[in-house]
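Given as structure tokens, the chain that follows is alone and in the form predicted alone.
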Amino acid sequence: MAAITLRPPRWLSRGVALGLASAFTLLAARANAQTSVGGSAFGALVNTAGMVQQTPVAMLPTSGGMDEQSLDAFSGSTAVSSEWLTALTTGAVDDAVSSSQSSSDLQQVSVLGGLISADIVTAMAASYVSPAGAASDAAGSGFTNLVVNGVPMTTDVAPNTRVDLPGVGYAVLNEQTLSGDGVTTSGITVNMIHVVLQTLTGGGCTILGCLPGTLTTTGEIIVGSANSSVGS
């Protein structure tokens, strides 16, 4: 007796194919929906003596888009003054590459009565994620005519450069903080000028000897801040 070969009906094969295609489409849509972008930027933040002043913050929706905030001038008491502040953040979610970019740009910056000054301060943060991985960088960030403690600084300030400010605290220039696993998530926060205000408390001397004082953080000043992040 000849062997009998059973073939599924054409409508069944076609239905299975359509079902598989729909399943893959649904999975791809879910994967894309799980990818998010984030970003924010602002010109200046002053947090001293319990008083907080901050310039408008540009915020990126997790689904992507754009936001921009600007001011002609800002004066946070005697802590910070600046002109022409612009904060911008953009981003997009895509199957191939999802990315976000943020920037903060200020001109004629003066911090603590000129203890730190610059003609231009620019913070840039960029992040992306693709099937190949995720990464972030601060390319494009920099200063023009930066002066600290009366000393001109190089235009290309290395990331996380710390400068002591006697009687005030210290400053971190081109502060960069990375986050994420570098595979499916990545983020970076850039603060071009981050002043940590400190005061010496306690301590003193008696006939029995001297006790050292304790440095206590009393506030902070941030100028030129940009953040970007991506995740899937």
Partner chain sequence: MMQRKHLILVPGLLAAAVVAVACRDSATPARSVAPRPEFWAVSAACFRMTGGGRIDKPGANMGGAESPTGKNTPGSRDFATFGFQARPTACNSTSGSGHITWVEHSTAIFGGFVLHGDVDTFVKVASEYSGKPCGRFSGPARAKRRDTGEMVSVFFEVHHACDEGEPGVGHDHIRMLICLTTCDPEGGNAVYDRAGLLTGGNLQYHRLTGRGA
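Note that the coordinates shown come from a computational prediction; the quantities given were computed from them, not determined experimentally. Numbering follows the first chain given and starts at 1.
Form predicted together with its partner chain: not shown, discussed below.
For the candidate set T78, N149, T144, T161, a heavy atom within 4.5 Å of its partner chain in the predicted bound form is found for exactly one residue, namely T144. Only one listed stretch (164-172, 38-46, 183-191, 65-73) carries heavy atoms within 4.5 Å of its partner chain in the predicted bound form, and that stretch is 65-73. The closest heavy atom approach of L115 to its partner chain in the predicted bound form falls outside 4.5 Å. Its partner chain in the predicted bound form comes within 4.5 Å of a heavy atom belonging to M124. Contact annotation for S110: none of its heavy atoms lies within 4.5 Å of its partner chain in the predicted bound form. Remark: L88 counts among the residues lining its partner chain in the predicted bound form, judged by a heavy atom distance of 4.5 Å or less. Residues W84, T86, L88, T90, G91, A92, V93, D94, V97, S99, Q101 are the ones in 83-102 with at least one heavy atom within 4.5 Å of its partner chain in the predicted bound form, listed in sequence order.
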